[in-house]
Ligand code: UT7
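Taking the form predicted on its own, here's one chain by itself in structure tokens.
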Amino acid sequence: MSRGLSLRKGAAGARILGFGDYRPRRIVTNDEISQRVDTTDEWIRTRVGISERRFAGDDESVVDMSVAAAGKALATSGVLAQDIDTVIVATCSAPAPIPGLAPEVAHRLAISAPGAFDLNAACAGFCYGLSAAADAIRSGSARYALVIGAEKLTDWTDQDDRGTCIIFGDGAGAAVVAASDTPGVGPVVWGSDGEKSRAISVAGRSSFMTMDGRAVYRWATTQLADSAHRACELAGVDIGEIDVFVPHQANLRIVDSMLRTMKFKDDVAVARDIVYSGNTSSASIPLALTAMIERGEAKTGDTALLLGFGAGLTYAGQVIICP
């Protein structure tokens, strides 16, 4: 005889309580890069909008950066480590596939026996992780979740390849997500275009990352606006009501192209963290939004549109309420 199974009853919604970030101390300027490869500060600024990026030290790991960012997020949110029951680390630059990073991150933060897993959706990883956390909370599988986007892309970048070495940097950003009677994380709109899966790739264990920048640029500037509008629609928010726009920090020209395509209000605050951080993949959105909050550009209660996109090709977007 078949029978139905009991299900947990979760919260009405999920909300972000606080962000945290970690930026490595070493600042690498365009002039420094131009001493190694055939490029100039003007060329890099014109093509991708970057003036500098951060490189992690040889003694800094993805776990180290995750722990630092997560510790700040916990402190900002006021949530105790012992209350966290789910830890998600979004990364595409782990040094090895086994073991996953999340259990070690949780252990070092003194989080006891949480559900812990890594997630690889490349530059869309933080948005994927945020959606997974919010869904777990709404289903009753979690009440407090820690979502981290962390990358040490310099481990996977050929510093003699002008097409990639000028772009990528290292860092980590984290958010504490909690159950809430008033939803503060909207439904995700996500998807992929596997036909272009080789546009950004690492061929094997001993290989560096390669990227077809033109293909990624064309895809991002022509295919993602509809997803952003759809995320607003599902959250019950008109795009003209968005206060803060935080796209993945891939290329400043992509950000500016999106602004021309979408119909934001004139005074929308826009993340441009790529100028000083480079492309940090899954870390870019929480890094950028944390900086905007600290500068007062994103305020408590503001409605923010997050839009991640990158290797896979994958994308994900959702509307959140800023903590």
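Just so it is clear, the model here is predicted, and its values are computed rather than measured. One rule holds for the numbers: they count along the sequence shown, beginning at 1.
The same protein has a further form, the form predicted in complex with the ligand, not shown here; the description that follows concerns it.
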(request) Considering the ligand in the model of the complex, find the one stretch among 80 to 88, 179 to 187, 158 to 166, 107 to 115 with heavy atoms no farther than 4.5 Å from it. (result) 158 to 166
(request) Check each of Ala250, Ile242, Leu119, Leu74 and return the one that places a heavy atom within 4.5 angstroms of the ligand in the model of the complex. (result) Ala250
(request) Identify, from the list Ala235, Ala94, Ala132, Ile200, the residue with a heavy atom within 4.5 Å of the ligand in the model of the complex. (result) Ile200
(request) Flag Gly100 as yes or no: does it have a non-hydrogen atom within 4.5 angstroms of any non-hydrogen atom of the ligand in the model of the complex? (result) no
(message) So, Val48 and the ligand: in the model of the complex, are they within 4.5 Å at any heavy atom pair?
(response) yes
(request) Using a 4.5 Å heavy atom cut-off, state whether Ala231 contacts the ligand in the model of the complex. (result) no
(request) Using a 4.5 Å heavy atom cut-off, state whether Ala136 contacts the ligand in the model of the complex. (result) no
(request) Could you run down 207 to 241 and flag each residue that has a heavy atom within 4.5 Å of the ligand in the model of the complex? (result) Met211, Gly213, Arg214, Val216, Tyr217
